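Just one chain is shown here, as structure tokens, and it is the form predicted on its own.
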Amino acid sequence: MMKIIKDGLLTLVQDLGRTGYQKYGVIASGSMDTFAHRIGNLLVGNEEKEAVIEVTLLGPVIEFHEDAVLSICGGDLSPAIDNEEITMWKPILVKKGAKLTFGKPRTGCRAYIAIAGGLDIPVVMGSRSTYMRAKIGGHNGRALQTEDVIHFKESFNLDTGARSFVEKDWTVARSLIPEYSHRPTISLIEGPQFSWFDEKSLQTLFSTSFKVSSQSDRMGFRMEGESLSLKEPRELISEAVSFGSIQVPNDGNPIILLADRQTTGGYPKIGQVASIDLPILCQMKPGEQLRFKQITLEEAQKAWLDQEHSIQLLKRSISLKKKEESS
């Protein structure tokens, strides 16, 4: 098990989401950076969907009360064990009594701690994800706080010599790790109401920068930039929305819907962020700027399939590596 010695800005238990209940008005939630979540779990031998700890900007201090195998993926928040910097995107053996800390964010704003065997967290409606507004899932339906204790589903007796941790000598290929940026270019597919917007707005969408507002959260990124307008006033009956849907409310400032999005929306959707770029988008901090580039649905599908192929190759490589280590 591990104990929260100091809580961070927002430290949550998340898995890949609470699917199958949006028709009842229950949001999916889940990790913001699903790519980092999945890779972190694979590195420690878990199923991709296992619950992890999502750390946002200002990380917690965590003390391990038993041996553990972990990995930290996603944004680089300067992780360290017993004041010694550790390497991200690789498995790390951690001894009982060690303390994990975080420092200044270098890239991105969300890091994911995966623990071998998984976290012993109750399943609520098919998921361990924290849905804070409804106070369900995760650890008592809320962010982790000082003195909270999280148990593991598996126990280990690790040999790290005199050290409190040991890093494995293999890691994820650099080419597979997303390039988290302060000013990314995000791929966008036409939304269902793309043609409703006037020509000037469509040009603005792809030729200017938008800033992530300080009013942004896990539900959505409010963007600040040149206002987007419809050709003429139109009404829209509320319809389903998805992770990455870009709605444009009456003030003309786009809102990109994220992990804690509502289940339906009544604002026109000018675009949809391609799945391949959602992890990069979700690692942005308030005040940072992005630009959009238009791609086709076919291009988005190909990029996603290419990434999934790379993940499956990584999964097989890790499996072979673990067999080699155990033989």
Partner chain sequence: MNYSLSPLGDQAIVITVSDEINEQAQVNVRILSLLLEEQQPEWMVEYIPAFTTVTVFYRPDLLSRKGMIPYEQAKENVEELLTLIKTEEVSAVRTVEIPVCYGGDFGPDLEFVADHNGITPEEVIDIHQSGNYSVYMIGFAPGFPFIGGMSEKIAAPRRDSPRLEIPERTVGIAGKQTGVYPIETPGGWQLIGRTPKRLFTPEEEVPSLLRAGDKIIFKQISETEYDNWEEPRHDEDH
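Numbering follows the first chain given and starts at 1. Everything numeric here is computed off the predicted structure, so don't read it as measured data.
Only in words, not in the display: the form predicted together with the partner chain, which the text now covers.
Using a 4.5 angstroms threshold between heavy atoms, residue 238 counts as touching the partner chain in the predicted bound form. The closest non-hydrogen atom of residue 135 lies within 4.5 Å of the partner chain in the predicted bound form. Proximity of residue 23 to the partner chain in the predicted bound form falls within the 4.5 Å heavy atom cutoff.
Among heavy atoms of residue 310, none comes within 4.5 Å of the partner chain in the predicted bound form. Here the chain stands by itself, but in the predicted bound form one stretch of 204-212, 242-250, 88-96, 74-82, 242-250, has heavy atoms within 4.5 Å of the partner chain.
When you look in the predicted bound form, the only residue of 158, 125, 177, 166 with a non-hydrogen atom within 4.5 Å of the partner chain is 125. Residues from 247-267 that approach the partner chain in the predicted bound form with a non-hydrogen atom closer than or equal to 4.5 Å are 262, 263, 264, in the order they occur in the chain.
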